[in-house]
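Quick heads-up: it's one chain on its own, the form predicted on its own, in structure tokens.
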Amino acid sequence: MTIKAYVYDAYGTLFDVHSVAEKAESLYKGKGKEISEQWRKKQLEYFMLHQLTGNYKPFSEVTKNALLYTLKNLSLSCNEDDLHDLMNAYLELNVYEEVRETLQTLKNKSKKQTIYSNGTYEMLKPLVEKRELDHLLDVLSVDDVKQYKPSPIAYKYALETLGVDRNEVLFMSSNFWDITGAASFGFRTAWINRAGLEVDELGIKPDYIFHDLSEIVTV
């Protein structure tokens, strides 16, 4: 089947979530990497728990709460200015080096491209604009339906919005839990395996496994 919609997860796929470590390091010398890693781990844990318990909270709130826990867990004090600066770092994440050229190549081929993320529009749109990607792709958020990926309801909403068939979507993510959800729903999937990890033992095999995003132009 022809791919009619290229759909990208945002965090870890297009944007480097661990680029927040630079701001964290400037505020907490010697702790930047540790803060970034624990923050991301707790962020994932929190939104999964909210989804499982049926207690949806916007990803911005989840992200802030995960940060507050991380700083408390590391016995680091935090004032309102520091908190604002760290949260603002999520609006200025670095884009992976091959992303812009890849998106432009597909744009030149008249391919429909959309971010579909657990992030809110208030988090995603400033980030996309900051990195000058807004002319290359649309932005769609699970906040519209209040169901986090990997819930089937979340992918169903994306499919209905895109207006294509399931097997006409190529869904890309660096997060294997997201690939698992998308593949289970019936999307074609490309795992952007930036970290060189092994495939998880979940009975799911992505259609494609790429080291970075640039390889999707060959599909």
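Only a predicted model underlies this, so the values are computations on that prediction, with no experimental measurement involved. One-based numbering along the sequence shown.
Separately, the form predicted together with a further copy of the same chain exists; it is not shown, and the next lines address it.
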Exercise for review: Among 67 to 75, 94 to 102, 111 to 119, 129 to 137, mark the stretch whose residues have heavy atoms within 4.5 Å of a further copy of the same chain in the predicted bound form.
Suggested key: 67 to 75
Check your understanding: Does the 4.5 Å heavy atom contact test between P58 and a further copy of the same chain in the predicted bound form come out positive?
Key -> no
**Study point:** Contact flag, Q38 vs a further copy of the same chain in the predicted bound form, heavy atom cut 4.5 Å
**Key:** no
Exercise for review: Check whether H50 has any heavy atom within 4.5 Å of a heavy atom of a further copy of the same chain in the predicted bound form, and answer yes or no.
Suggested key: yes
Point to revise | a further copy of the same chain contact in the predicted bound form: K42, any heavy atom under 4.5 Å | key: yes
Check your understanding: From first to last in sequence, which residues of 151 to 181 have any non-hydrogen atom within 4.5 angstroms of a further copy of the same chain in the predicted bound form?
Key -> S151, P152, W177, T180, G181
